Every structure is written in C-alpha cells, then in structure tokens.
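The form predicted on its own is given below as one chain in structure tokens.
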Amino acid sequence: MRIGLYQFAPEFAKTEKNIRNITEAVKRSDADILVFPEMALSGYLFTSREEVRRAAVRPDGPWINGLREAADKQGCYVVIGLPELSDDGFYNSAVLIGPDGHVGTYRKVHLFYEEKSYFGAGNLGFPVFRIKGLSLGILICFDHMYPEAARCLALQGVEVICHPSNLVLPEYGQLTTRVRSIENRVFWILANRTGSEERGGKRLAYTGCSQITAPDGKILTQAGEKEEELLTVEIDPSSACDKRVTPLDDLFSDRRTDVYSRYLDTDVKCPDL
C-alpha cells in the first residue's frame, strides 16, 4: 500500500482555488491514501465567526464532486482539513473522501488557542474507518499533544493515523508524532502546511516539515520547511499489528489499566515549591 501527503500553503478565503490545487495533487499522486493539511480548503487564520460562517462547508456538499471524480480515477482516498458547517455550529474537521464520495468526518477534539472562540470541540469521538483492508484514524494538529487521543485510535486497531496540521510551534509536532508512532506502533502521516498568514494584526508562521513515520518511529519521508511537496511511500500495514518491544514486552497486553484507572478524572495538582 502507498500512503502520502501534500504539503502546501492554502490561500485564505480562496476555497475554489484551494480545491483545484488539492484535486490536481490527487491526479498527480500514486498514493492509496493521500493526506492534506488542516483547513486546506479555507486557510487557517480566522479573525471572526462571520469569516468562519462564510468559509464553512458541509462535509458531503457539492464541493467534493471534482475531488471525488479524481479519487475515483486514481483509486485513492483523501483526508482533507476544513471548517465544517453543522446544524449545531462550526467545527475544525477533517473529512475522508473516496471514489464513492464522503466516507466520514472527524471533528478536532483538542482545540488550540483562539480556535476556541470560533469552533465547537469535537463530539464524534475518535472514529475508525476501514478502507482497502486497512484501519485508519484521523487526528488534527494540536491533538498530537494528548497521548490519549492516539492511544484511543490504536486500541481500536488502527494501523495508520492521518494528521492534517497547521503547526506553528517549532519541532513539537515533528517530534511528538514520532513518539506517538513508537508508543502505539502505528504509521503516522503528518501533513503540515507551509508559509505564513497575516490578518487582523496577527501573524502565524507554519513549520512545514511534513513527514511519514513508521511504527518504530523512523522517518520514512519528510518535506522541507518551506517547499510545496507531494510525497508518497510504500508500507506494509501489517507491521503495525505487532505491539512488542521485545519478545517479553508487549505495549498493549502489558498495560496496567488497574493502576491507571486510579488517576482518571482527577484534578491536576502541582507540588508546592
């Protein structure tokens, strides 16, 4: 199986142009699964809920038609970040689209910074999608800082985690996603964006360096910091099924849930200094 990513700089409020760029990348790719950045349809740096309202789309709306046709022709599935319009508000979401159209949606559970002013926190949990004989999960950007998120997917048997991102904290995401691969023994597709956005007196610079990592944490391929790049690698998904570090140490069967459960739902307490 071939998995890949497309690193680029979506233009703010240029949805049609961004969709064309995404669709062309699908047509050029030989990947079975291709992942695009967070908010790839719209750009990221919103300054008001009104801007979010104008940019938001339904996950299964007509905007997917051309992309679905490209996915059908290439025989691939794509994961794309977007501002989702829902009956109960707006979400920072990622959709899975395949040859038959919309397959599913993930809503970002851990919102970052001012996203909390514009979007609702994800309420769909951590769904797993079965495509081409592979179990796939999705997280979005800041979710990487919470090991529980990746573990929830891994415990459901996912072999690949797709991770659309707009990372602005240097090196964090590129480091933690390698760790998440190691501790869960999964493949990880980090699709970050490049460039910067400056709007309403605010500026964000994105870190690029998208990467795909193996279950042992090794980087299989990595983009540059500023370049637009389309990358794919060949993987054996079954290698993500072996959770052993040594013949006597299995990361899943050796978990001590009897001990962990003592600390669930407890308040964080810092020691007195």
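Numbers follow the displayed sequence, beginning with 1. This one's a predicted model, so the numbers in the text were calculated from it and none came from an experiment.
Although it is not shown, the form predicted together with another copy of the chain is what the next lines describe.
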| request: Find out whether any non-hydrogen atom of R255 is located within 4.5 angstroms of another copy of the chain in the model of the complex, and reply yes or no. | output: yes
| query | Does E197 make contact with another copy of the chain in the model of the complex, using a 4.5 Å heavy atom cut-off? | reply | no
| message | With the partner left out here, check for me: in the model of the complex, does some heavy atom of D100 sit within 4.5 Å of another copy of the chain? | response | no
| field | another copy of the chain contact in the model of the complex: L111, any heavy atom under 4.5 Å | value | yes
| query | Does every residue of G61, R68 and F90 put a non-hydrogen atom within 4.5 angstroms of another copy of the chain in the model of the complex? | reply | no
| Pick from 203-211, 30-38, 244-252, 231-239: which stretch has non-hydrogen atoms within 4.5 Å of another copy of the chain in the model of the complex? | 244-252
| said: Need the contact residues for 164-203: heavy atom within 4.5 Å of another copy of the chain in the model of the complex, sequence order, or none if there are none. | reply: L169, E171, Y172, L175, T176, R178, V179, R180, I182, E183, R185
